[in-house]
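As a starting point, one isolated chain is supplied in structure tokens, in the form predicted on its own.
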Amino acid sequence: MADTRVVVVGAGVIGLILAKELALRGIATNVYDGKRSVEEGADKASGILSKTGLGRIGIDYRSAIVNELDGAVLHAGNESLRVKASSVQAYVLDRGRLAKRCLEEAERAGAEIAFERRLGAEELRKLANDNSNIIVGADGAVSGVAAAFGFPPIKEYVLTYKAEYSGASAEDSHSVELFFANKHARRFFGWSAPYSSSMVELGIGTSSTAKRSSASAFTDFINDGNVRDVVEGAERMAGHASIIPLGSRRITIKGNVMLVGDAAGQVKATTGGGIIFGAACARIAADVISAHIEHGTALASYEKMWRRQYGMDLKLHAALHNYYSSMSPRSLALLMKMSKLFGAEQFFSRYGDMDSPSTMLKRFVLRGLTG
């Protein structure tokens, strides 16, 4: 299998992290993407990522940091839950700069990247017919690779829209605000993320089942209550729409074709974040491909390995999402009020982990047993 070549479709952050990992293992890797440059479209998604999670992706992200976050304010109706840690917990990153850094590291490792080169379904199937090729779809939520090879569909998506505002008034330039049970955010939430004391990103997500555009939901969202106060008198900069999968595909590998990142649905349903889990699964994919080339082990082990490692946390994210998104605004506000009475603000300020709900659950149980 010495002549095996990996074809990665999609030069986003996850595709480039995978390409770097493969190239570092000495595996011939070609990445193809239809866009003109790595920065094109990178800013469609929000750049809020946990510090601990970023430390595990294997990329030097420091040049992409825009702001440091140590707190969060969760709103539901008239109730607000405030979490404030004693140190930096997350960063706001410039996604374009992060993608550029991923490209640099992938190329330095030896991966070959081709932009303005879109592989159609017929060409993909022809490549896959040659068993010396391994095809990896890292081409986002609406994956052309998944469609070309008949992978099971993702049942629900979140449609998001976000825009940056210059001259906005952030209450706390180091805290993100989340707006739950907002009538415009069906099965998701709105957010306000500070880039600085005067530059704020506002965004909203709404379920694809709502039959409503995210741009329309966003227009109503920014004219609502406290959100309107943030942007009053501010200048709106660029706006971006994107799509996020809610839930993973039932199958993520078929023969010599696999999916990773958003294409596989390896995304936190609670927040829509896909980089941390996607990068972790990309490393598993690289390990599996390397073992396949060197020892002839089955590529099919990828499915079992990533689900065993991260499936529980992704299921917990999905369960939490389904729980809060099914509650009425009044019930969610009441839950938030009761949570505060039982010390939720203090607990999350000390033990919050936005990537691993299973870790938080263990900490909660241990705290109950020892406290």
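Residue numbers here begin at 1 and follow the sequence given. All values derive from a computational prediction rather than experimental measurement.
The following text describes the form predicted together with a small molecule, which does not appear among the structures shown.
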Answer option from 250, 212, 228, 117, heavy atom within 4.5 Å of the small molecule in the model of the complex:
117
Since exactly one of 256, 160, 89, 192 fits, which has a heavy atom within 4.5 Å of the small molecule in the model of the complex?
160
Test of understanding: in the model of the complex, would residue 18 fall inside 4.5 Å of the small molecule by heavy atoms?
no
Taking heavy atoms and a 4.5 Å cut-off, does residue 244 contact the small molecule in the model of the complex?
yes
Taking the small molecule as it sits in the model of the complex, is residue 34 in contact with it (heavy atom to heavy atom, 4.5 Å or less)?
yes
Even though the small molecule is not shown here, does residue 44 get within 4.5 Å of it in the model of the complex, heavy atoms only?
yes
Candidate stretches 228-236, 135-143, 296-304, 79-87 - the one whose heavy atoms come within 4.5 Å of the small molecule in the model of the complex
135-143
